[in-house]
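Take a look at this one chain, the form predicted alone, written out in structure tokens.
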């Protein structure tokens, strides 16, 4: 989730660009770069790592340019190296582009452009854009409609109509020194109106030091910024009449993109997160006959080979993701796995076992208990040495964090910034990391057949579309269902096997944001005590997907129904037996049991969200909680 800025006006652009990037650095800090245009030349400076590295490179440079673009990067396509940093240029280095988002069809465009003689210098999806614009500048399409206004604007329009995905762009060219072209398609972009100057940015805080007059572009819009003003067009070329608004700025209101709360927006971002994970870590060209691993985690052999055990340290939602990870590592890769609360492990660590990989899972990379437990384990294993030497792996949404500095090998979960305190998209991203890790280890250990691995991978590829299907089918129904529970005091969630952690996660989400007492149990344990809690005032959510324990969970649900509990079932679509059992159905596509947590978590997230919203609570900032737990 990158950040882009742009400026055209009467002041030196570079300082304004750097200040804007400082504000946007939370969106990505793998690399940064700026490109400015002055006196017929394009000056581009890029640096790997945090923005300070770019600032160091720019120190002492005289740059009077009054037109420029800047970028701070969260790497998706291509490693965070300088050659992958934005801005990207055409081959003549007379045109520069920065992008936020993903170009889904970049592979086919890349091949098309290579056949026309274009060469590529990066591993990114973005680099196809300047080459494609350059191609349309040289060879405008016959249906050109905006060439009278600007050849650059028309070339950009033609190019973006070839792109598929979610993206925001800013483009400058030496040959058009009085123009800044910006584009929005399902990625945020705002334009700031100053006195004889104009700005663009992914987020309004980057603009606010200069103006409060802001125009937010909508999906499918292109804008041309010149010293004379701003023109806005649809991708079709139709010109629009739009007017800026004056911001009464509140940071918590930024970038909700039409959603009432960040949490709901982030629930809806989960299909895109899964797509990003798949593109980043899965070899899309892999087949059974390749002889190579389908997984691209780029982890060292010394970390993964010869493992006898795995222990996972985590807290909260990350702990629930780790329980799913335990199931995957044991059932797919065949490795005995233990999951510990990091806060407990610190004071009662497990006895040392040889050839053990320790995994720390933390959304922010800053969770104090997890970091402390990992450091302690690293130290005591270093002291022991030999087969007990540390093998440490981190799973986090913030690779450039304390976790990344503590542990050399980290899997980034690619979820982008998550503002809602209650984790949603970062949870499914952590699950994806465990799917990839378990498949990589299964491949190395020959724990499952390649045919079975191919089945799982094909199932993973189908998940984004299935997630979208669940969201589209259930949003309105769950909102209506939530009305029945706005005064409820207690909830029970039950599941078995790989979906028991989803019962725990559903209960946690409801507690976090609605302040309703909720508990998650293994369904088979209900009769061993918790069933005493049940009556007509205590709803039960049962997660029952087809597989090894499906009939068992249905039987457990019947036991709750016999105690007058209202039953809500997260069940397979079009299941007659489920329809007879449950009072309310939250159906999900019928998938391999191994993949079902990725889908069953969506209904419980939506249910928790809508109950809390119905109760009029602050969903994004629930009481007593913080996004990153940095104290013990």
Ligand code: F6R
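Note that the structure is predicted; figures quoted are calculated from it, not measured. Residue numbers count along the first chain shown, from 1.
Keep in mind that the form predicted together with fructose -6-phosphate is missing from the display, and what follows is about it.
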With heavy atoms only and a cut-off of 4.5 Å, decide whether residue 230 touches fructose -6-phosphate in the predicted bound form.
no
Does the 4.5 Å heavy atom contact test between residue 88 and fructose -6-phosphate in the predicted bound form come out positive?
no
Would residue 363 count as touching fructose -6-phosphate in the predicted bound form under a 4.5 Å heavy atom rule?
yes
Residue 509 near fructose -6-phosphate in the predicted bound form, any heavy atom under 4.5 Å?
yes
Proximity to fructose -6-phosphate in the predicted bound form, single hit among 318, 126, 514, 270 (heavy atom within 4.5 Å)
318
Sort through 75, 421, 376, 299 and report the residue having a heavy atom within 4.5 Å of fructose -6-phosphate in the predicted bound form.
421
Of the candidate stretches 557-565, 355-363, 212-220, 273-281, the one with residues having heavy atoms within 4.5 Å of fructose -6-phosphate in the predicted bound form is 355-363
Work out the direction of the Cα-Cα change for residue 74 and residue 283 in the predicted bound form: closer or farther than in this form? It's 3 angstroms or more.
farther
Considering a change of 3 Å or more, are the Cα atoms of residue 369 and residue 74 closer or farther in the predicted bound form than here?
closer
